[in-house]
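One chain follows as structure tokens, the form predicted on its own.
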Amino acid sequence: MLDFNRNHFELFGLRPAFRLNRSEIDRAYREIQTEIHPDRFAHAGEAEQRLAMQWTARVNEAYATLREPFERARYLLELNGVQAMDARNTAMPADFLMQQMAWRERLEQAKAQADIASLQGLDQEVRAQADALERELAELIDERHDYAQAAETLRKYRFVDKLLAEVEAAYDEIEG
């Protein structure tokens, strides 16, 4: 069986890095799942079945963390002793907050007017910002090992990621 003391990257046989290919993560997940899936232990003893269930939960948690850029970055920072989402650290640059307010106003206006074209424009703009922040996170974490700066960038990414989710919800609302 697998070792419960290994971190998510070790568990999946991946290097601890932000810049990982999603297909690498998916492949590693499928490989582990074939080893530990509870169905393989259907005829085993109760203790082995329970252990297989625990492993399945552990592997699913690791997969959920590694497949999402925000969670992967947060986890990497934690492995390096940085609590990026510490509730006591909420400082954000004023220009970033102003941009967030402007985007949220555009979102509300697009929703109020059921304006798909405006929503698409906002979506592209916000996705471009998310992509830029992901590239910055990769550089800060993987190359420069500047975890303090990466924590600030991750907090910005969280704002943008949440806004993207709201944009997605707005599409559903408008297209209803």
Partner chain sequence: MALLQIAEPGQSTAPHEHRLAVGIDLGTTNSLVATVRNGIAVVLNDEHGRSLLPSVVRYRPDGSVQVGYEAQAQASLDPHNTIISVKRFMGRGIKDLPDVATLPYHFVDAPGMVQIKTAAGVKSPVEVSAEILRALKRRAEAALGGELIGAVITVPAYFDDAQRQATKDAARLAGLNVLRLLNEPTAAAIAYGLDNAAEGIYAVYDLGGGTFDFSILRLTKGVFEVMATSGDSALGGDDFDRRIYCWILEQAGLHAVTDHDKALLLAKAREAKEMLSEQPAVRITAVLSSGELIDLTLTEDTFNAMTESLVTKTLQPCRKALRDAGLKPADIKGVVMVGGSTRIPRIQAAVGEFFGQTPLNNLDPDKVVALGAAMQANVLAGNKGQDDWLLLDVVPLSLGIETMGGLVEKIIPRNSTIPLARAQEFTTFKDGQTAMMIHVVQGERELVSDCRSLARFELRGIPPMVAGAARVRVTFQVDADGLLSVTARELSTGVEAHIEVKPSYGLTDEEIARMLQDSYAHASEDMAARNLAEARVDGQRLLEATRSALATDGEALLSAEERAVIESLVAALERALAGDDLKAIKQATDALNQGTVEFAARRMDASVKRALTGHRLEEIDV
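These numbers were taken from a predicted model, which means no experiment stands behind them. Residue numbers count along the first chain shown, from 1.
This protein has a second form, the form predicted together with its partner chain, left out of what is shown; the following refers to that one.
Think of it this way: in the predicted bound form, its partner chain has a heavy atom of just one of A52, A151, A130, A110 within 4.5 Å, and the residue is A52. Interface membership of S118, defined by any non-hydrogen atom within 4.5 Å of its partner chain in the predicted bound form, is ruled out.
Its partner chain in the predicted bound form comes within 4.5 Å of a heavy atom belonging to I32. Remark: A114 does not count among the residues lining its partner chain in the predicted bound form, judged by a heavy atom distance of 4.5 Å or less. Within 4.5 Å of some heavy atom of its partner chain in the predicted bound form lies at least one heavy atom of L11. The partner is not shown here, but in the predicted bound form the stretch 16 to 41 reaches within 4.5 angstroms of its partner chain through a heavy atom at E24, D26, R27, A28, Y29, R30, E31, I32, Q33, T34, E35, I36, H37, P38, D39, R40, F41.
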